[in-house]
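For reference, the chain that follows is the form predicted alone, supplied as structure tokens.
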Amino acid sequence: MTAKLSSSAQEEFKPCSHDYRVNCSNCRLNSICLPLTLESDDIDQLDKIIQRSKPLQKGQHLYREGDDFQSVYAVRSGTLKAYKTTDDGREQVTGFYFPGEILGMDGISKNAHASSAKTLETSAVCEIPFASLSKLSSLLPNLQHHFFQLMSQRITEDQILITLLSKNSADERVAALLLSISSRNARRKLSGTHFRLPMSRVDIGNYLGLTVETVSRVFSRMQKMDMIRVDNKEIEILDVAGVRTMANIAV
């Protein structure tokens, strides 16, 4: 049984305008994407190398596994998933990317993307040619340091996923994913307790190493325990401490 969220909560789910004419200085996500210490002139230099295009439609690929690596991408609106294709042709989801987050760095080491990236909804990205970024980073130490931090964050997130898949129960995995999305929303100055899951239950199960049925059972159990309220893809966290306990994270 599902329950409707309040009108104030639904305000959080209004789609972005996907304005491809935006620039770094007036983008609402610049505090996430850019080092806070960059001067306005430095931001202008960065803005000159960034390429922006019209939004990608749902299900459209940004790049595919094996494509030549030329750029990294900052999500401006919408959500994308990264996935690898297994030897037997199955899709293995390796990550979800929300506005303000960077993807495509998997191609740096071998100059070819190690995974594919596809939109989960209408999305807009900023393309940052890596050769130009490397050159500019050598001139702007703060930018270079920020980019290293992003790479470190990606490595940390990969380690968290490995831990989730190897040790944690289904309840812990789902709860940890909800907390991850909550904290990422909060970084974008959005509600950490009211949000929409842009990915399907199939993608969630694939990412967490669970069946769709198990994911649905965990959501139902959390709702019966009054930890969350679920309305299709809309989630309201009612008991943050309870979700953290279920995820085996210290309150």
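Numbers for residues come from their place in the sequence shown, where the first is 1. Model, not experiment: these values are computed from the prediction.
A second form of this protein, the form predicted in complex with another copy of the chain, is not displayed here; the remarks below concern that form.
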Which one, T119, S77, S71, T94, lies within 4.5 Å of another copy of the chain in the model of the complex by heavy atoms?
T94
Would you classify E127 as touching another copy of the chain in the model of the complex, given a 4.5 Å non-hydrogen atom cut-off?
no
Although another copy of the chain is absent from this view, report whether L165 comes within 4.5 Å of it in the model of the complex, heavy atoms only.
yes
Using the partner position in the model of the complex, report whether T245 sits within 4.5 Å of another copy of the chain, counting heavy atoms only.
no
Even though another copy of the chain is not shown here, does N206 get within 4.5 Å of it in the model of the complex, heavy atoms only?
yes
Non-hydrogen atoms within 4.5 angstroms of another copy of the chain in the model of the complex: do S137, T156 and I249 all have one?
yes
Of the residues spanning 81-98, the ones with some heavy atom within 4.5 Å of another copy of the chain in the model of the complex are K84, T86, D87, D88, R90, E91, Q92, T94
